[in-house]
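The chain below stands alone, shown as structure tokens; this is the form predicted alone.
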């Protein structure tokens, strides 16, 4: 329960709720736990064997924005560090934080930037991505298993990579590759060459864990269809690094999220 005399929007030392599932969320949780902060990480539960962060963890949904708002009782700050394409959870976080007066921060890694030699074609949705590759022979799909229905009508050979086995509907000619990143450029080149891939489809997830496929595509001269990120809710501050998130929390938890500066030796 919230302490007597303190509203939820009035900050002091208290619990931090991290909406996680990303490498950045795990690094933030590890830093907070190491510094003695009471942190609870929440995972959606969509991966059968997730990599768990340090500290206390809960797995499963909240029941929409109202359920998340109820879970914010006693929470001093909320950090939404979910995947860049977890648009529904991000919207619920902003709504719940606004309803309860809980300070909220969006921790989101930067998207990828094209380099010389890249052949990128941007689209806004998975359906547009499917239309863009309809005439291709061999498609490498790395968009995650949740949205594969958008590609079910493709007649091309589709290499579908996923952490967990995807459910139907799948493209008629689908080869499923179960793997978890990070991946090397050499492995990505070998996979794309073995399957004769002539186009790569991915989301602009950003980060180094799965960026090797973009390098491999550049080296092989394979075009890439990238799905743009969904827009973020208005009014929510956004940072790109764990260090920036820790600094933001430091200002709201009375300096408890950062170790004291080391004195200059005399």
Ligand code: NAP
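If you're wondering where the values come from, they're calculated on a predicted model, not measured in any experiment. Residue numbers count along the first chain shown, from 1.
Below, we turn to the form predicted in complex with the ligand, even though it does not appear here.
Just one of 113, 125, 146, 173 comes within 4.5 Å of the ligand in the predicted bound form, counting any heavy atom, and that one is 146. Site annotation in the predicted bound form: the residue of 231, 235, 60, 36 reaching within 4.5 Å of the ligand with a heavy atom is 60. Look at 175 to 183, 96 to 104, 128 to 136, 81 to 89: in the predicted bound form, residues with non-hydrogen atoms within 4.5 angstroms of the ligand sit in 81 to 89. Contact check for residue 208: every heavy atom lies farther than 4.5 Å from the ligand in the predicted bound form. At the 4.5 Å threshold, heavy atoms of residue 44 reach the ligand in the predicted bound form. A residue is said to contact a partner when one of its heavy atoms sits within 4.5 Å of a partner heavy atom; residue 64 meets this definition for the ligand in the predicted bound form. The ligand is not drawn, but in the predicted bound form it has no heavy atom within 4.5 Å of residue 213.
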